[in-house]
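Have a look below at one chain only, the form predicted on its own, in structure tokens format.
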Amino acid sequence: MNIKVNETPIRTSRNFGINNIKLTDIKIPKNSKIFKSIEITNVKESSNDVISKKLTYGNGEILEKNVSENANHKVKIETKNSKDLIKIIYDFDDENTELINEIEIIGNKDANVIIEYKSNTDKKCFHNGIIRTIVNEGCKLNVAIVNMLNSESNNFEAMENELFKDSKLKYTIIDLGGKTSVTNYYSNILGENSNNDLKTIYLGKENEIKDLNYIAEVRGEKANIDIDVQGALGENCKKNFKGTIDFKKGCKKAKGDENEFCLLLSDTARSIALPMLLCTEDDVEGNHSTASGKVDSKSLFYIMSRGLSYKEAVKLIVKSNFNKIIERIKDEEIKEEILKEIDRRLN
């Protein structure tokens, strides 16, 4: 199937080739058997009350319909104990290669949530998921999404958030896996003094495709959105980053920042970025920046003069760029898995 996904909220010139991404020969499974290779920690699994309402943006009608009609795993999380680390680990193996999932997170109490996708198979895997998060008044919620699928897989994830008064949502996305990885992130920042802190790392190699579309609509007074994306691309990998901060009428004294930096590890890697600021309120502060560049030759020379090889030096530089974001993960075992995966993919 040929599909067009991840539309920008505002159309730009067709010459940029970034308004959406067109994918060919994508097989979208239907009637997949129940995905059984799941580890769930500190939450009682419940699927009956998951609300399947239409997404504001998402990855497109075809993929959204696929989740609503064919999901083979659903879970609802209501945070009740701030001491608990909630984990959901989807472990793709030879018998579990297709996951269509829907996750609802209701933030009532401060909590940490980690959702991980990983492969223990060389088979081509498929993941299409929706994660909806509501952060209620005064709640502080940390959510981390870790994608470590194999390099033959397709990964589609749509995330949608609602933030209410005095709430804080710290979102961390670790996007390392997949031949094609497409993510759509939307936050409706409603409440006064609400705060959404989004940090992402991505790593691509060979002919992989990364497409990131991050959208924040700021409505609450003195609300804040901070987006920071750090990436690295090797071989013929292609990446699109689309970041939109939209200050809506009434969000006086709100602030928004977005920054994206891409480290190009080859001459044939391609990085396209489109940061946008939209505004219908006059008393706000917004900033955006984007840049890409090769590994600094002086840094390479310095590190290699200490006895490291070229590959080892590049790994060290990439991991130093990523380290602050990786440190946000509240699980030492998963952090170690992430570092090992970065090493493996940079060999």
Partner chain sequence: MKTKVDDINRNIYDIKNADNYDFKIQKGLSRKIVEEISKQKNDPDWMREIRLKALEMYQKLELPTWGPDLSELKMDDIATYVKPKTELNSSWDDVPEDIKNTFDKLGIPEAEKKSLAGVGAQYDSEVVYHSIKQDLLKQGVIYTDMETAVREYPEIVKEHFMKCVPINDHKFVALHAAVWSGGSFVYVPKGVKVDIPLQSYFRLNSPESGQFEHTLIIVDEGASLHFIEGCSAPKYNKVNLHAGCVELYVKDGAYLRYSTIENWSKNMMNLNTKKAIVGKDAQIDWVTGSFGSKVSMLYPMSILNGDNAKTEYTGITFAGKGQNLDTGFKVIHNGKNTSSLVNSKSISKDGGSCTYRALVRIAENAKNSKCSVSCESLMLDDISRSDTIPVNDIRTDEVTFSHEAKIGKISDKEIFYLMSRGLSEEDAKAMIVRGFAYPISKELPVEYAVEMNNLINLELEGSIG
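Computed from a prediction, not measured in an experiment: that's the story for all the values here. Positions refer to the first chain, counted from 1.
Below: the form predicted in complex with the partner chain, not depicted.
- Of the candidate stretches 259-267, 188-196, 108-116, 223-231, only 259-267 has residues whose heavy atoms lie within 4.5 Å of the partner chain in the model of the complex.
- The partner chain is not shown here, and in the model of the complex it never comes within 4.5 Å of any heavy atom of Ile86.
- Taking the partner from elsewhere, Lys249 is found to have a heavy atom lying within 4.5 Å of the partner chain in the model of the complex.
- The partner chain is not drawn, but in the model of the complex it has a heavy atom within 4.5 Å of Pro275.
- At the 4.5 Å threshold, heavy atoms of Lys315 stay clear of the partner chain in the model of the complex, well away from it.
- Within 4.5 Å of the partner chain in the model of the complex, a heavy atom is found for all three of Ile10, Thr280 and Ala291.
- Asn287 is the sole member of Thr41, Asn31, Ser305, Asn287 with a non-hydrogen atom within 4.5 Å of the partner chain in the model of the complex.
- Of the residues given (Ser271, Thr200, Asn96, Asn161), Ser271 alone sits with a heavy atom within 4.5 Å of the partner chain in the model of the complex.
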